[in-house]
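What follows is a single chain, given as structure tokens, in the form predicted on its own.
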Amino acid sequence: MSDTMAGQSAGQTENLSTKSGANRSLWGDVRYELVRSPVFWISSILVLVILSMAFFPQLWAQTSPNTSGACPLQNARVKPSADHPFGFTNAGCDMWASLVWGTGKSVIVAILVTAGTVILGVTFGTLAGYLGGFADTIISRITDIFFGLPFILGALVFLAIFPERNIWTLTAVLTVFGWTSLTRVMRGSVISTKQKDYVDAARAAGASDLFIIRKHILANSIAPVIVLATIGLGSFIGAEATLTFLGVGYQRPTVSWGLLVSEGQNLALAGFWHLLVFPSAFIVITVLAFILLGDVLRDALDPRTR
């Protein structure tokens, strides 16, 4: 008797858990999967630390390298020590302070580029996928043209035209060359979503196209774009560093990771390894954190992995 009651109780518990899992929405399932993932927590903590350095550098290093008297020449290229574990830069600035204050220039431009590419990608992808026909043909052909342009080479050529290269010129050029992938992903997602029964039902009920796009299409098509944008943010950080390293990115007196890598590449071979290793490590860790976060989001948003 007791065994029978225990079995019934276990069965009821299993049914309740199954029902609760079945009753969760898409984003409820996403939250449930993310909370259980240790990779999500590790990557999220790293991303939060990086963002705090970008927007509130004074919390991590009180003195900016651009402050008057912050970079005495007698400290130039001094190697790491107990007092200064990261050593000093080629200009005599504290390497840790340079890395912290350079985070903003490297990360904020990536955030702006990601926002710009998401806006363009979602807009063009939604129009192409939902309207179809002539609009789809025109947008797809324009996308193909930009796909044919090499990303780094194209950005290199365009940035060389600008006499002054700052956060806005970098953002504009990287956005122009970075929106195409999101557009294609959004287009495919919209084409799949607009064939669902609830979209047909909304259309039959007399809902306008704008209402259907806002209420049904975007809400159910945006997930792949979020994943790709998260991964792309890390890639844009690497792209900014690469362009600065090649001499068409930020210029002094701006402090950025790309400039630190560019200045340390030759001196590292002369024994000043810290000039190259620490800026490169910051770039690698940051890009890896965003890529891992994007991978976790992709797994959580893809029901086939569960």
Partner chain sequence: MRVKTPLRVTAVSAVLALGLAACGGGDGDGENGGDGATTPDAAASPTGQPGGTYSAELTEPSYLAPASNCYESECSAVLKMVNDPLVTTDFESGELIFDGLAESIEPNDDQTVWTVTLKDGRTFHNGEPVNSDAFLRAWNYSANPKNAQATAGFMARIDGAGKGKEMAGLKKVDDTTFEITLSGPFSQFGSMMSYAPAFAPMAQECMDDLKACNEAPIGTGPYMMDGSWEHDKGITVTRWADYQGEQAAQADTIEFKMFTTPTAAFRDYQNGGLDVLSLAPDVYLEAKGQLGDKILEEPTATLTYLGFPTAKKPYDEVKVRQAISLAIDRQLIVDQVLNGLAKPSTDIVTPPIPGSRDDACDYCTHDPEQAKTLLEESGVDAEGMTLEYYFNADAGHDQWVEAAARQVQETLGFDYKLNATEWAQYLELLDAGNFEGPFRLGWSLDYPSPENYLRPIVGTDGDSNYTEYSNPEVDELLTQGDQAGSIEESYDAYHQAGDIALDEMPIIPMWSGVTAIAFSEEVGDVRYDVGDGEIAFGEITVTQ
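Because the structure is a prediction, the values reported are computed rather than measured. Numbering follows the first chain given and starts at 1.
The discussion below concerns the form predicted together with its partner chain, not included here.
Colleague: Can you pick the stretch from 115 to 123, 99 to 107, 73 to 81, 128 to 136 whose heavy atoms fall within 4.5 Å of its partner chain in the model of the complex?
Modeller: Of the options given, it is 73 to 81.
Colleague: Hey, in the model of the complex, is residue 93 touching its partner chain, heavy atoms inside 4.5 Å?
Modeller: Result yes; residue 93 sits at the interface with its partner chain in the model of the complex.
Colleague: I'd like to check something about residue 52: if you look in the model of the complex, is any of its heavy atoms closer than or equal to 4.5 Å to a heavy atom of its partner chain?
Modeller: Residue 52: no contact with its partner chain in the model of the complex.
Colleague: Taking heavy atoms and a 4.5 Å cut-off, does residue 272 contact its partner chain in the model of the complex?
Modeller: Residue 272 belongs to the contact set for its partner chain.
Colleague: Quick one: is residue 165 in contact with its partner chain in the model of the complex, heavy atoms, 4.5 Å cut-off?
Modeller: Because a heavy atom of residue 165 falls inside 4.5 Å of its partner chain in the model of the complex, the answer is yes.
Colleague: Who in 251 to 287 is close to its partner chain in the model of the complex, meaning a heavy atom within 4.5 Å?
Modeller: Those in contact are 251, 252, 253, 263, 266, 267, 269, 270, 272.
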